[in-house]
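Taking the form predicted on its own, here's one chain by itself in C-alpha cells.
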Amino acid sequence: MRTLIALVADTFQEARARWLFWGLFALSTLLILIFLFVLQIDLAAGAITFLGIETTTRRIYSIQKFVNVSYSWVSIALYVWGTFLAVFASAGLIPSVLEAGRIALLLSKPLRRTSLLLGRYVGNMLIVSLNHIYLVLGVWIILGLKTHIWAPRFLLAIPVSIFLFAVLLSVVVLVGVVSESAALSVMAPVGLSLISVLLAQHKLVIRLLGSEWSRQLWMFFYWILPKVFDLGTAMRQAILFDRHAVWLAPIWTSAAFGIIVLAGALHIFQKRDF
C-alpha cells in the first residue's frame, strides 16, 4: 500500500511539473467562468422570449422545465468536455514512465511491475476525478444560484464521467505500454469513442444492412466496445425526466471492456523486456 501511495504521489508530482495538472484545472476554470458570464442574462426573461412562454399561472412550471432541459444539455457538454480533456491530459503520463532511463531506474528498485502501472493508473484517476468534481460542482453552483432551482440529479455527471474515463484510461495504458506513443494513446480512446457512438445507432443500422452476418458483426462490436453514447443518453434522461434510465447494460459491458483491456496491459507490461 505504501508503494502504491508513493507511485500515486509521483504521478501527481509529474503532472504538476509538466503543467498538466494546472492546465487541466485552468481550462475547467475557464469553462466555469464562461458559464458565469453567459448566465448574466435573465434566465426567466430569456425563456419567455425564446420559447414563447406566456406570463400565466403556469409560468413557474414552464421555467422549471426550461431549467431542467438546460441542466440536461449542460451535463452532456461537461460529460464530453471533461472526459476527452482528461484523455488528452493523461495520455503523456503513461508513455513518459516507459522512457529508457526512467523505466530502468524504476525496475531496479524492489517494485512490482503491476504496482508501478496500477499506481500510474490510480494517480491519473485521482487527478481527473478531482477535476471532474471541481468542474461539475462549479457549474452546478452557478446554475443553482442563478436560477434558484437546484437539481441534485445534475451531479450524476460526476460519477458517469469518471466511470467512462476509467474505461478509456485502460485503453490509454494499453496503447502506451505497447507503443510508448503519447499521440497514439490519445487517438485510440478518442477513435473508439467515436466508433462506439456510431455503433449505438444499431436499431437503425440493423434495418439497413442487407445480410445477417453484417448485422451480427455490427452487434458484436456494439457489445464489446465501451458505451459512450448510451451512458450519456442514460445520464441525460435521468437528469431531464427524473426517472429510471437504462444503466445496467452500458455499465457492465463498458466495465468488462475496461477490466479486460487493463488486464491485458498489465500482462504485456510484466512480460516486456526493457
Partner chain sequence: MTGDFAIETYGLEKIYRSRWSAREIRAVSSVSLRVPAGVKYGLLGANGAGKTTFVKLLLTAVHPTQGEAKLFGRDAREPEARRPVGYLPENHRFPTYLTGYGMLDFYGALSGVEARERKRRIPEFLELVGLKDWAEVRIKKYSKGMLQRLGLAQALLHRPKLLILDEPTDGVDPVGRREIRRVLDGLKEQGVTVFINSHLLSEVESFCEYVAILRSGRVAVEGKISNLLAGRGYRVTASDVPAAALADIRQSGASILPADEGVTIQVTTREEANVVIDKIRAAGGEIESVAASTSSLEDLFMKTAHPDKAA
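Positions refer to the first chain, counted from 1. Treat the numbers as computed from the prediction; the structure is a model and nothing was measured.
Although not depicted, the form predicted in complex with the partner chain is the subject of the following passage.
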(request) Specify the contacting stretch among 79-87, 131-139, 165-173, 99-107, defined as having any heavy atom within 4.5 Å of the partner chain in the predicted bound form. (result) 99-107
(message) Please determine whether Arg112 contacts the partner chain in the predicted bound form, using a 4.5 Å cut-off between heavy atoms.
(response) yes
(request) Using a 4.5 Å heavy atom cut-off, state whether Ile260 contacts the partner chain in the predicted bound form. (result) no
(message) Heavy atom within 4.5 Å of the partner chain in the predicted bound form: which residues of 1-21 meet that condition, in order?
(response) Arg2, Thr3, Ala6, Leu7, Asp10, Gln13, Glu14, Ala17
